[in-house]
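A single chain comes next, written as structure tokens; it is the form predicted on its own.
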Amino acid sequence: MSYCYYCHQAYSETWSWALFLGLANFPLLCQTCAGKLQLIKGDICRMCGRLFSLFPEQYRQGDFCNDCIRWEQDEEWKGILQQNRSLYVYNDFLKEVIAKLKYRGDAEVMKAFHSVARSSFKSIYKNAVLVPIPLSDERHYERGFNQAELLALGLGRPVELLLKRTVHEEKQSKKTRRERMERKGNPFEVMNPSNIVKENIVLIDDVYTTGSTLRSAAKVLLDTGAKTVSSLTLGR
């Protein structure tokens, strides 16, 4: 008998969703909770990993969504982020999970995603340096942990804390889409620049929303000498 890392209800480990989620050896979510998650698989945007089936056909052009095409048409951001891949659709249930993690301090729930993240992303990050998106010092003190770092630590490879936030911003969840994309200045700086020269970097974060945070981090890493920058997130 095990206990679900989200709802804390007891459950048997011999249910079929475990195989579907890649958690067959030691599932950490009950069948009810796991069934509310939607894995991203199938036809996705080649750049950001967005699931095409979730929005009308006119919002894509070939293998790219319109959002990524707009990013690539901007000379400042063209070619900055090589690709993003995400585990799950950012649906209402995943929003609840991440809110419990970030705002109610339940850091243990991130462990429920480590196994499926390792199996899903192994080919992407196996030769890369893992760099979690940092919180500001104020936010880290308030929360007690960095959720992106918790996800990165479960991927089974060394994690490098190479980025620092130089600006304490209002929470992203309180900003509109336009406000996120019109961020002025770069809120990140690189710590120990010599550690990233000619390296392939994979940024780790909880959610890809507009892509502005990940692209800002990618830009400062490339400007400091990184070879390529991609990203992995829990939700998209």
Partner chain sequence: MKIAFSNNTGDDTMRFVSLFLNNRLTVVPEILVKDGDVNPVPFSELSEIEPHPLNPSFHYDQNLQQILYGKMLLLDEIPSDLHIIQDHYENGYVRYNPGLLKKKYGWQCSRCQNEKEHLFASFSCFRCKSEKCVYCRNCIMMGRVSMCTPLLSWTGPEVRYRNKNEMAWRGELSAGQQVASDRFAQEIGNSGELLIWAVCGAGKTEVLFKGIEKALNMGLRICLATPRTDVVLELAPRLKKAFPKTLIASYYGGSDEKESPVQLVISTTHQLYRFKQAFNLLIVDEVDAFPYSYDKTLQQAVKNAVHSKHFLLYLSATPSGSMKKAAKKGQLPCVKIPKRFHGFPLPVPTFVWSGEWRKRLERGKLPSSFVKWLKSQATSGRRAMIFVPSVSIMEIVAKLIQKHVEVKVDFVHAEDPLRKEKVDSFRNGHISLLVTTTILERGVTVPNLDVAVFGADAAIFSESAFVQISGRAGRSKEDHNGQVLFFHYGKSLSMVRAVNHIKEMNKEAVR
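Positions refer to the first chain, counted from 1. Note that the structure is a prediction, hence the values are computed from the model and not measured.
The next section is about a form of this same protein that is not shown, the form predicted in complex with the partner chain.
Asker: Can you check 95-103, 126-134, 72-80, 154-162 and let me know which stretch has heavy atoms within 4.5 Å of the partner chain in the predicted complex?
Answerer: In the other structure, the partner sits against 95-103.
Asker: Any chance Glu57, Val202 and Arg236 all have a heavy atom within 4.5 Å of the partner chain in the predicted complex?
Answerer: Looking in the predicted complex, the three residues Glu57, Val202 and Arg236 all stay beyond 4.5 Å of the partner chain (heavy atoms).
Asker: Classify His140 as contacting or not contacting the partner chain in the predicted complex by the rule of any non-hydrogen atom within 4.5 angstroms, answering yes or no.
Answerer: Heavy-atom contact with the partner chain at 4.5 Å: present for His140.
Asker: Would you check, heavy atoms only and a 4.5 Å threshold, whether Ala117 touches the partner chain in the predicted complex?
Answerer: Contact check for Ala117: no, nothing within 4.5 Å of the partner chain in the predicted complex.
Asker: Check Phe145 for me: does it contact the partner chain in the predicted complex (non-hydrogen atoms, 4.5 angstroms)?
Answerer: Yes.
Asker: Ala107 versus the partner chain, in the predicted complex: is there a non-hydrogen atom within 4.5 Å?
Answerer: Yes, Ala107 sits close enough to the partner chain in the predicted complex that at least one of its heavy atoms falls within 4.5 Å.
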